[in-house]
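We begin with a single chain expressed as C-alpha cells, specifically the form predicted on its own.
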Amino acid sequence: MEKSRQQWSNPLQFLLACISCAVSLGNVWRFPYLCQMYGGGSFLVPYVIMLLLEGMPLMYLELAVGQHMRQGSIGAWRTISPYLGGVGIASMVVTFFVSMYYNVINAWGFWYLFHSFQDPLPWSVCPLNANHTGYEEECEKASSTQYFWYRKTLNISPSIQENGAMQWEPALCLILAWLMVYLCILRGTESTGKVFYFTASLPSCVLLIYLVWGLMLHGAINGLLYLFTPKIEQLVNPKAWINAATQVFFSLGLGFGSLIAFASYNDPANNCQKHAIIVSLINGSTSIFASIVTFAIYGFKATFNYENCLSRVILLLTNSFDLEDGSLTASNLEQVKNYLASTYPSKYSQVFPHMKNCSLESELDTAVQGTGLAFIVYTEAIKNMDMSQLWSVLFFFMLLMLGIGSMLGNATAIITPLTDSQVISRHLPKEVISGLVCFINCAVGLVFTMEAGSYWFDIFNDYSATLSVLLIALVETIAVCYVYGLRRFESDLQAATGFALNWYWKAMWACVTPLLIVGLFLFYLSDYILTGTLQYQAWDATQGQLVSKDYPPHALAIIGLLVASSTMCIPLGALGTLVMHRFKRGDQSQGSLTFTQLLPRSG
C-alpha cells in the first residue's frame, strides 16, 4: 500500500495545503471579534502564549503522526494501538458534521458574489413595498443589509420550529460549492496540490489590496486606534485566555484529521517540525493582518454612521428652531443643545424623542462575528465605498478561496481513511468514494437552505465540534506520550528525519498541552451546565431585529446527539476492538467465553 500511495509533488504543495487548511474564515471573522471583546492589542498577549503552548505543539504532533504512520486518521491511531481506532473515527464524524454546514458558507459566498455585479448593489437600498408607496416595513425597521441577508438570502422563519420550504437559489449555490470541491479532490494530491497554490495565496493578495484601500478610507484611523489601544485589565480576565486558546486550537484545524491526512502523503524524511512552526506563525500573522484590515473598514463604517447621525440631528435642530444654516456644527452641537434645552424646554422636549444619541464609541463597540460580520457589517461598509461592486467582488472572492481551501482539508480528512481501508478501496475507486462523500454531504446540507436552516446552521456551528475535538486532541497526546511511548516516538522521528526532539516539544506533549486541553474541556463542560437553558437568536420581522428564544426539546436532542455521536466513538471503538479480539481467541480455542474472559489481561 505504501508503494502505491500518492505523494505531494513537492514540499511547497504540502506547506500550502496546511496553510490553506489553517488560514480560514475564522481568521477573518472571529479573531477580530475576539480582539474587540477582550482588550484590543492586549488580547495578542494570551493569543501568542497559547499559540506557543498549545497550537504549535499539537500541530507538530499531528503532522509527525501522519507522516510517520503514512495513513489517515483511523489507520494512524490504530497503528499506535488497535484500541485507538475510534479516535480516527471520531475525527471523521466531527469533520463530516463540519463539512455539512461549512460549505453552506461557500454557497452564501457564491450568492453574494453573483449579486455583486449589480449596480446598485441589491443590499444597498430597501425595496419598495407592494403598493409602491414606500419601502418594505421590515427593511425600514432593520437596515437594507440586514433585510437582504435575513429576507432575500435566508428567507428566515420566525423560529426553529417552523422549517418552511427549501430556498432553491441558495440550494443551487450549495450544489455548485460541492461540485467545485469534488472537482478539486477528484485526482487526489495531483489536483488538490495545484488548487492550494490559489487558495493559500490569493486571499492574502486580496487582503493586501483591501489593506491599502482601507487605510485610505475616511475614519479608518478610528478603527485602528480602537484595535491597538490595549485594555490591560483584560489580561486578568480568564475568558480572554480561554478564548485565545480556543481560537488557536480551532483556527489551526487540530483534532479534525486534516493535518494527519495531509502529512500522510509526505516523504517520511520531510522536516515536519519546520512546517509546523511556519504554518503556526503564518496563521497567527494572518489573524493579526486580517484584524487590521477589518478594523480599518470597521472604522470607516462607524465614522460614516456617526457623521450621518450627527447630520440628521443638526438638520432636525436647524429646522425645528429656525437656526441659520451652518450655525450648528458637530463641534458646537452639545453646547447648542444645552442652550436650546434651557431656553425652549417645552419645544425641545417635543423634538428630543426624534433625535438619536450619536456616539462614535458606541458604533465601534458593536461586537459582531461570524456570518453577521461577513454578510452584514462588511456589506454595509462596502455599499458606502466608491466602486462598491469591485470591492464586493474582491471580498466575496476572498471568502470563497478561504472557504474552499478549508473544505478541501475537511474532504481529505474524510476520504483518506476511507481509501486507506482495503475493504472499501477494493470495491470502489477513489473517484467514486470522493463522489459519494460529496453527494451525501450535499444532500444532507440542503437542510441548511430551508427557511429554518440558519438556526440549524448555528447549532452545528456551536455544538458539533467544540467538545469533541478537545477530547480527540487530549487522547492523541496521551496516545503518543503514554501508549506508544514518547521515547519510542522520538526515536522513530529522529531515524526518519534526522532531527531529535528538543525539551520544548517533549515538555509540551507530555505535560503542558494536555493540561491546557483538560482545562478547556472542563470550562466548556461547566459553561454548558451552568448556563442552564440553551438559547438561540431568532429573527423577528415585525421588530426588524434578533430576539432570544429557548431551544425546543427536539433541538436539544439533536445537540446532545451531535456531541455524543463523535465523543462516544472513542470508547466504543476501544470496546469493539476488545470484544472482537476476545471472540477471535474464543474461536481459535473452540471454547465458550465467560464475562471475565472479555476483560483485558493484566500485563
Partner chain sequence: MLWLLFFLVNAIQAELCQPDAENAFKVRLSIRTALGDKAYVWDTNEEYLFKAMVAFSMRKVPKREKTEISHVLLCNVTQRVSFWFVVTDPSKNHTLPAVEVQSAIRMNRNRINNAFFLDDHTLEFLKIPSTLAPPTDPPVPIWIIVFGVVFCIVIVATTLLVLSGIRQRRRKNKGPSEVDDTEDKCENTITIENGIPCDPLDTKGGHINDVFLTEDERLTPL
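In this text, rigid core is short for the largest set of C-alphas that superpose within 1.5 Å between two forms. Every value quoted in this text rests on a predicted model; they were computed, and no experiment measured them. Numbering follows the first chain given and starts at 1.
Here the subject shifts to the form predicted together with its partner chain, a form of this protein not shown in this document.
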Heavy atoms within 4.5 Å of its partner chain in the predicted complex: does residue 421 have any? no
Does the 4.5 Å heavy atom contact test between residue 173 and its partner chain in the predicted complex come out positive? yes
Check whether residue 318 has any heavy atom within 4.5 Å of a heavy atom of its partner chain in the predicted complex, and answer yes or no. yes
In the predicted complex, is there a heavy atom of its partner chain that lies within 4.5 Å of any heavy atom of residue 186, even though the partner is absent here? yes
Among 384 to 392, 427 to 435, 68 to 76, 277 to 285, mark the stretch whose residues have heavy atoms within 4.5 Å of its partner chain in the predicted complex. 427 to 435
Counting non-hydrogen atoms within 4.5 angstroms of its partner chain in the predicted complex, say which of 323, 166, 221, 202 makes the cut. 323
Which residue among 117, 482, 503, 439 has a heavy atom within 4.5 angstroms of its partner chain in the predicted complex? 117
Residue by residue through 108 to 134, tell me which have a non-hydrogen atom within 4.5 angstroms of its partner chain in the predicted complex. 111, 114, 115, 117, 118, 128, 132, 133, 134
Displaced residue check between the shown form and the other one: residue 329, CA, 2 Å or over, core reference: yes
